[in-house]
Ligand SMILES: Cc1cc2nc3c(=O)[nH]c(=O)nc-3n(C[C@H](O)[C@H](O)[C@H](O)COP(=O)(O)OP(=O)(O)OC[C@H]3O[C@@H](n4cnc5c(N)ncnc54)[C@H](O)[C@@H]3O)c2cc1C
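In the form predicted alone, a lone chain appears below as structure tokens.
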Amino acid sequence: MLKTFFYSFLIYWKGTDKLYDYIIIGAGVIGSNIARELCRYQTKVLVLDKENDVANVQSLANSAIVHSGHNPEPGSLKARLSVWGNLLYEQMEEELGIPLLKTGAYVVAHNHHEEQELDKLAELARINQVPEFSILNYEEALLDEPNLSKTVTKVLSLPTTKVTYPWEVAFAAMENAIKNGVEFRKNALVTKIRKVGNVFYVTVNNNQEYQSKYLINAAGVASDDIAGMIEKKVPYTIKGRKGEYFVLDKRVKGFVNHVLYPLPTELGKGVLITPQFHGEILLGPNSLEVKDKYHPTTSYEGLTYVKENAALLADNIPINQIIRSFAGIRSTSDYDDFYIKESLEVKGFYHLGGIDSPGLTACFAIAKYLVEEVMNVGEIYSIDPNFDPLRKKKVLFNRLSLTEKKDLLLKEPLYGNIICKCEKITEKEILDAMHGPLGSNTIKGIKKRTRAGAGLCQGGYCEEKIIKMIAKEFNISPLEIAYDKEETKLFVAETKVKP
């Protein structure tokens, strides 16, 4: 009792500026949006992430789909929050300037048995209150999807399905949160958590400690590991489920117009064909449980499976236009739903566990649900009258009209210098990415923010120029520049040195 009093007294004696109201562990699309929701109130918030950037793990490698909400079990949190989250995307497109492509989706059936399953899925959509869905026959579906596989007999049409750009969703939310006073620390690996009295002590990298009144675990694939630092019995176990993808070059834009799904199975929604906001098309993912949930890798067997199953959705897929493959890990849990609850053992510690698909779809709704309904923040803190929900929309120079480009060039000539020829990314856009609220000095960080290096040549042309820009802007040697993490330096040593 005396020890508890001493620690609580010490915190306040040092000054309340040392004590955060909330610490959030994890800066993916979930943690970033929770931070933004919390700063609507008069709170002091800190976000910690072990990575060298925002949205660098689960939010980094996924299908980018804003699902309609047709698939989750009726009455589940997934069902409620995915339909709600889908509706919120159009509001957030206006407030945060996030990219949004309104594609709609087709779930396909190939025979009488699958048509019966399609009818059951349509009934789920009705119960989950998904708007505007309908069943189409093959001829009707073919009008909008001329490359639809000839083996398809019927489709479930889901017009509210959309596609976004996952990294930008996280960047937008975090930038707006920072604008409203949230603090963010990258390369901050949580190594210890303890609670003394009413205060959480969070140790980062074994040598730095932060304190808060409340603690939010949005650590994705690591959420059970984080929970295990403070709980004796974690109420869920996270299993890594790997998904592998192919990326088709944007020259195939229009090959499909809708997201194409097979009928879902117990392993998930299956291998999809997904148009992307910037013109590419994704094939994948497969779904494979893996022991290592931190290091996803592609495999010949997995990518072959993706090709074979994508061919059940569309004919004549332009495989010769593949420009890269990648893999990501989803944090599947042994709990059958999103686990969004206060700890049963530690008051003030909140779980966001097993946030797999449709986590991206539901991210805005998840943040609101946690803050407003689970934590009841409005009963503890007052609304901040200075909260600004708006984030200035980024300039995508290549998407502007000719008149808009000319006007912008008169104000800022650096828009006239194209650095990435494949994606038509300008010097000014790259400089803005380096020096923005979430500025980056890594190759991958610049790629995520601008798409420089994401096109056909995959950085073969522009990467050298970006390296020189980083070295100049941050006054560092090229030997110090990393591809992504601190340990991924691009160069070992100079091989040509002027005498």
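Don't overthink the numbering: it's just position in the shown sequence, from 1. Since the structure is predicted, the reported quantities are computational estimates derived from the model, not experimental observations.
What comes next is about the form predicted together with this ligand, which does not appear here.
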note = Testing 36 to 44, 436 to 444, 58 to 66, 470 to 478 against this ligand in the model of the complex with a 4.5 Å heavy atom criterion leaves exactly one stretch, namely 58 to 66
ask   = Is V190 close enough to this ligand in the model of the complex to count, meaning some heavy atom within 4.5 Å?
value = yes
query = Does this ligand come within 4.5 Å of any heavy atom of I25 in the model of the complex?
reply = yes
inquiry  = I'd like to check something about Y245: if you look in the model of the complex, is any of its heavy atoms closer than or equal to 4.5 Å to a heavy atom of this ligand?
reply    = yes
task = Examine R451 and determine whether its closest non-hydrogen atom to this ligand in the model of the complex is within 4.5 angstroms.
result = no
ask   = in the model of the complex, does each residue in the set I281, L283 and G455 place a non-hydrogen atom within 4.5 angstroms of this ligand?
value = no
inquiry  = Considering non-hydrogen atoms and a 4.5 Å limit, which listed residue (A367, I273, I226, A172) is close to this ligand in the model of the complex?
reply    = I226
ask   = Among V155, I238, I216, L360, which has at least one heavy atom within 4.5 Å of this ligand in the model of the complex?
value = L360
remark   = Applying a 4.5 angstroms cut-off on non-hydrogen atoms, the residues of 314 to 337 near this ligand in the model of the complex are G328, I329, R330
